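A single chain comes next, written as structure tokens; it is the form predicted alone.
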């Protein structure tokens, strides 16, 4: 860190296991015992909510690179900063896609099936999707909240099949996304379009477990591997990532968001020239990183008064041939949209 006379950064990792109470306890331990100067986390919106409350009370900067619950930046917090888009940004790009895709293809999409798990991530996502559906005149024919990490989602898939919405919009983490795909095949549920809220549907675990059964699945995202070639900085970072990742994997959504958040925090600490919490907070407030200095296809990183990055952009990806490809905005697309998704009986 040049701003700290060459001091090195020491990262201390802890596993909250997706449990809000454990995340809260670990945040308290990191601040009180490990004496960290800032916290970074926590992927799960529900965990981020509790851990960041600890940071707020103690006056410790909290950088959130991934969680997408809109309410996280609406609590009036002074020490909380989020670099990534939230569900309103992401869901808006979904409805922008619906509008532009209908116009481009001359088709009509009228009905939606909305499924979402029962953590804060799912509840907030479901609310935003239904709010925008009302705003843009879509009929929600399935509105279904289910228990996260369920052992069976057969009933939920049966309800989707019976209602047969024009678009199915799931919000799921990995294990639920895998179950939905398997049950859909078993019950011969053939949605014409699937538009997922990232998370489980973008996970390598989902792709590996489901394979070609995920063909045609679309998802919102803040980053796509197939756009790396268009970002010189992303190419450099990707080469470093591939050397260190198991199996030489390319960058994808999760690590790209984590990297961007971490580098934003480190940039602020370096500019602060201090590890004093207030100095770091003021440097974060003053952050203004232009888009060409990011691996993301965003306008930049600049925080508003709530701590939300205003330079974010969402994109739409679709699974084709075992990989996600950018399909929207159309001018940035590397593949044409596959529509309708082939029925199970028509797949090889």
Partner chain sequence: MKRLSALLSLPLLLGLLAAPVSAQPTEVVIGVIYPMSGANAQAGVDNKPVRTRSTSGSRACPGSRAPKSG
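This one's a predicted model, so the numbers in the text were calculated from it and none came from an experiment. Numbering follows the first chain given and starts at 1.
As for the form predicted together with the partner chain, it is not shown, yet the points below apply to it.
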Note to self: Since the partner isn't included here, can you check whether the partner chain sits close to all of 11, 66 and 203 in the predicted bound form (heavy atom within 4.5 Å for each)?
What the structure shows: yes
>> When the contact criterion is heavy atoms within 4.5 Å, does residue 241 count as touching the partner chain in the predicted bound form?
In response: yes
| said: Quick check on residue 281: any heavy atom within 4.5 Å of the partner chain in the predicted bound form? | reply: no
Q.
Taking the partner chain as it sits in the predicted bound form, is residue 322 in contact with it (heavy atom to heavy atom, 4.5 Å or less)?
A. no
| said: When the contact criterion is heavy atoms within 4.5 Å, does residue 146 count as touching the partner chain in the predicted bound form? | reply: no
Here the chain appears without its partner; judged in the predicted bound form, the stretch of 105 to 113, 187 to 195, 122 to 130, 246 to 254 with heavy atoms within 4.5 Å of the partner chain is 246 to 254
Partner-free chain; cross-checking the partner chain in the predicted bound form, the single residue of 140, 163, 154, 266 with a heavy atom within 4.5 Å is 266
Picking from 92, 174, 158, 150, the single residue whose non-hydrogen atoms come within 4.5 angstroms of the partner chain in the predicted bound form is 174
Within 216 to 236, the residues having any heavy atom within 4.5 Å of the partner chain in the predicted bound form are 233, 236
